[in-house]
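Shown next as structure tokens: one chain only, the form predicted alone.
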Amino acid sequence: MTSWTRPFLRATALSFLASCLTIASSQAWSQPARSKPQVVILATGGTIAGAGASATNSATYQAAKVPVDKLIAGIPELDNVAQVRGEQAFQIASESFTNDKLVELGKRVSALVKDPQVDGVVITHGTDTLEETSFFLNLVIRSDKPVVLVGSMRPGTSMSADGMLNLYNAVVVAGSADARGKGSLVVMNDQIHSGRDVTKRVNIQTNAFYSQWGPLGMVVEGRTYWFRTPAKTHTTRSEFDIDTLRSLPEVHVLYGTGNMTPEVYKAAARAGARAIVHAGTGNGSVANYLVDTLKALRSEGLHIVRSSRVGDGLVLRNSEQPDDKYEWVVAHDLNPQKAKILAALALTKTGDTKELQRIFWQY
């Protein structure tokens, strides 16, 4: 190779490389922008669909009045963050949710998240039992796509109604790639909660929802901020699957107070309960005059789950009562209403006390 050919070949190679980069850059810029996420809003009623007689009625109103299409139409800003469509699953106040409705809702959510055209699902829900539904879906939906529950503490007709922003934030979260794989979520009052942990702690204020281990993150002006991830088993790793579930066994919650009546526990058994969640005082305490009744019910095949009526903390096994000896189960950190959901699902898999306790530790 002569001395003059080397610079020529080098210049030719550099020119060719520059041309390739120019073409690649041009093709990249010419690619269409990624389409907005596809989010389905599945409406079930509740205060977020409620209406009061006047703008001053923030706590006195009729729930479940506004259909989903009007909820969506009232927030044109949704078009900026997602392509949204709505379905009306139910139109009820959430205290009227039953086991059958939980299963029906779960099956519809499961069908939606299997659709490749759906990126996330938002469920509008009354706040009274929102925590139970969110935990149920956290356990039975076998998908990493975001499933976000949302409600409001004030009807849309009220001054300072919170439903519009809550729903907007929920759609933002449901359409966010960084919300995937975190289990079912609850978006209220700018906070993102785990469906497992969240509970309603206030009944007439917008800061009603709380998680004792803290929220997972926040939504601010259409952007998500995350601070922790759930530690307990959920969704894609769960042993429960809504697609194979037909019904839930009866589980009753009985609230511990002074001067309890053993007969109410026997009545729960006669009514067909397969388990009783004892919402005990303190560390799930059981009054001395109730112990023999609960032992007898367990010997007849009914399971006893010790939870606590205290808002925070966890029930310690073999503390207060010899759970191993009596073959009772402790609810760990789950409140009575969430313990009821997990107990019902667990009983579709096993009746063995040790296995039931393993499930309460794991989920």
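Being a predicted model, the structure only gives us computed values, none of them experimental. In case it trips you up, residue 1 is the first one in the sequence shown, and so on.
Beyond what is shown, the protein has a form predicted in complex with aspartic acid (ASP); the following relates to that form.
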Requested in this report: Kindly confirm or deny that 61, 93 and 128 each have some heavy atom within 4.5 angstroms of aspartic acid (ASP) in the predicted bound form.
Outcome: yes
Report task. Quick one: from 108, 200, 252, 101, grab the residue that has a heavy atom within 4.5 Å of aspartic acid (ASP) in the predicted bound form. Result -> 200
Requested in this report: Taking 4.5 Å between heavy atoms as the contact cutoff, choose which of 133, 235, 152, 158 touches aspartic acid (ASP) in the predicted bound form.
Outcome: 152
Requested in this report: With aspartic acid (ASP) left out here, work out from 65-73, 292-300, 327-335, 42-50 which stretch has heavy atoms within 4.5 Å of it in the predicted bound form.
Outcome: 42-50
